[in-house]
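Read the single chain below, which is given as structure tokens and is the form predicted alone.
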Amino acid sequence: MLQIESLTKRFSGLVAVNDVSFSAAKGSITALIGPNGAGKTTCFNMIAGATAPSNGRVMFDRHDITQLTPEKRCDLGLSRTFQIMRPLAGMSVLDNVMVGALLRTTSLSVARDEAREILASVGMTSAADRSAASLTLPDRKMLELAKALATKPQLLMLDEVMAGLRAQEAERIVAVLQTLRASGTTILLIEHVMRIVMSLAEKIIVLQQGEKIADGSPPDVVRNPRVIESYLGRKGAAA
């Protein structure tokens, strides 16, 4: 579903991402991890089209999308969430999700029905008519996920969607992601909570200072000496 080839991003003299390549199989969950400043979000931005790469290619479903705009990538089936959530605060939760649903239909009634189905799937039916501005952090996270799902993505990219959540709140999102994977949706996520990464991901990519230092299954990655030294530490590796 996703093939990243020698992706590189330079900001003047700073190389934020350097010659990174990896793939994500259709219907799988792939995690992108690494310490703060490793280049994870810059890599995400290049895949989603928000940032143009200095070098390299982004292949989506065997098509080169490197030069496409973010909206065109979304139209093709690639959707993402953001670390900094910015819902349409003056609108209801339902209307926020409808905006995403209108990508695939011109009918307001169809978009409304689809938005209600998506809100039900993430456990937010009771919040449908509330103002998006009134939501708590966990519900804002769920709304961010629902908005992305409304575009009917083939590839869903999640940028720290569980950051700042308590264990029980994070488990709500984990359950949704497991259901999405079972339905065939491909997921690429940035996540710092290794317990969640280990339970969800079939594959882990590790970045350090903009370079890939590991790429493989969770058991192999957490035993990698470079990953232990740069990111996990002995305690994290033991966990």
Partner chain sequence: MSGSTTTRRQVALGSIFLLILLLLPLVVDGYYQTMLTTIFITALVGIAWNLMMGFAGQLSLGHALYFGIGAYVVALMAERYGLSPWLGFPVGFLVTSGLGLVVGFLGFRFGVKGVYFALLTIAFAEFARLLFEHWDYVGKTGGLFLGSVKPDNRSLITLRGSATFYYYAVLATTLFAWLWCGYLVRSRLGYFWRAVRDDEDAARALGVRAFRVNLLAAGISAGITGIAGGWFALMNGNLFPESVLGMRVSIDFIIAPIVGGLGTLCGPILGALIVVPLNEIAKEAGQALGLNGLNILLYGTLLFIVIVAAPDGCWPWLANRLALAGRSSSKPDGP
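From a predicted model like this one, the values you see are computed outputs, not experimental measurements. Positions refer to the first chain, counted from 1.
What comes next is about the form predicted together with its partner chain, which is not displayed.
Fill in: 4.5 Å heavy atom contact, residue 67 and its partner chain in the predicted bound form
Contact check for residue 67: no, nothing within 4.5 Å of its partner chain in the predicted bound form.
Worksheet item: Is residue 131 one of the residues lying within 4.5 Å of its partner chain in the predicted bound form, judged by heavy atom distances?
Response: Within the cut-off, so yes.
Worksheet item: residue 99: heavy atom within 4.5 Å of its partner chain in the predicted bound form?
Response: Yes, residue 99 is a contact residue.
Worksheet entry | residue 86, heavy atom within 4.5 angstroms of its partner chain in the predicted bound form | Result yes; residue 86 sits at the interface with its partner chain in the predicted bound form.
Discussion item. To verify the annotation, which of these, 168, 136, 106, 126, has a non-hydrogen atom within 4.5 Å of its partner chain in the predicted bound form?
Written reply: If I apply the 4.5 Å criterion carefully, the residue I get is 106.
Worksheet item: Though its partner chain is not shown, can you say which of 74, 156, 118, 162 has a heavy atom within 4.5 Å of it in the predicted bound form?
Response: By the 4.5 Å heavy-atom cutoff, the listed residue in contact is 74.
Discussion item. Under the 4.5 Å heavy atom criterion, name the residues of 151-182 that approach its partner chain in the predicted bound form, in sequence order.
Written reply: Contacting residue: only 151.
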